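This document opens with one chain alone, in structure tokens, the form predicted alone.
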């Protein structure tokens, strides 16, 4: 068995690959795989970057015990309390000063046991001037009747460091998903979050919090969500601009195909000379379902530039008619318009991953929009 190949059952392969995971590990600097409550695969290819299971990291680095649960409050809600009481595993990543990952890392969290509650705690540390892109592919087996996932992730982005955190969800109709994430960004650091969810979920509920603690720190949250009928996505982000000259953006593109989407965003200007923008665009494909945009801007300083935009509508009939007049069938015309609306080029993803997401989106649209 090759060290650089993630072994999975054939019946699970498609779901895992749809979540952005490259099972052959091509174009990846390292991989982490957790199925149900067990870590089954960890590999590393680049010096200066360390990836361990959270248990091994706690044995190697005693200081980690003091850092855990400092960004996410273990008593935040019933789900964090549950994860605190019984964390099964998770990953630890540390990027040394000045080290830049030349390819993305990938981590897969897979639920395949019926009615299993997966509880994860991840810790990421980027030292000064470092760079990392990690792709988190989270999925449930197609044959799963019911399950849940609680994922706690705490991220520390050092001075002038950059963390790109891409999360791709491919769950199932009766799976409940509750990520609980928090990020601290120091002076000159940058945090970029990309969230992509295009398939069924019973409920996915998350509201990551970013603390821009150092002067000139940046946080950007981008999301693409398509909610099929019966799915609930309650998502968003909160950014606290706690130092001068910090910047924040929250951009979401949401499509309801009969499902419910609540798109939240909160920007807090807690220092002078900050820039923040929030933008939520929604597209309704059916009369059933819901899109609710909830933007919030707070500040107590006069020297800030903070704005928000929100728009919800339907596909323009003239666009459909125009494409149909050029010989394109109506279903394909609608698919093309939705693809343009959910433009993954916003995210700056690796080209291969961008093409895979486009392919998945096209197959979804052709199947009932």
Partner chain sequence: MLEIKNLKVGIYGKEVLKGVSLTIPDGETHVLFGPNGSGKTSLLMTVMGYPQYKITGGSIMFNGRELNSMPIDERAMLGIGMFFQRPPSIKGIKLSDITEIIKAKSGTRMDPAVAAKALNLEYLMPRDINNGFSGGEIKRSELMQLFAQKPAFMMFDEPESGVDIENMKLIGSKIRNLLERDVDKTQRTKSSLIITHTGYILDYADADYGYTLLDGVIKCRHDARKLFEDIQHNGFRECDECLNTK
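Positions refer to the first chain, counted from 1. Here the structure is a predicted model, which means the values were calculated and not measured.
One more form of this protein should be noted, the form predicted together with its partner chain, which is absent from this view; the next part is about it.
This chain is displayed alone, yet in the predicted complex one of 310, 328, 44, 39 has a heavy atom within 4.5 Å of its partner chain; that residue is 328. The partner is absent here; in the predicted complex, the one residue of 59, 66, 343, 303 having a heavy atom within 4.5 Å of its partner chain is 343. Heavy atoms within 4.5 Å of its partner chain in the predicted complex are found in one stretch of 320 to 328, 66 to 74, 23 to 31, 49 to 57, which is 320 to 328.
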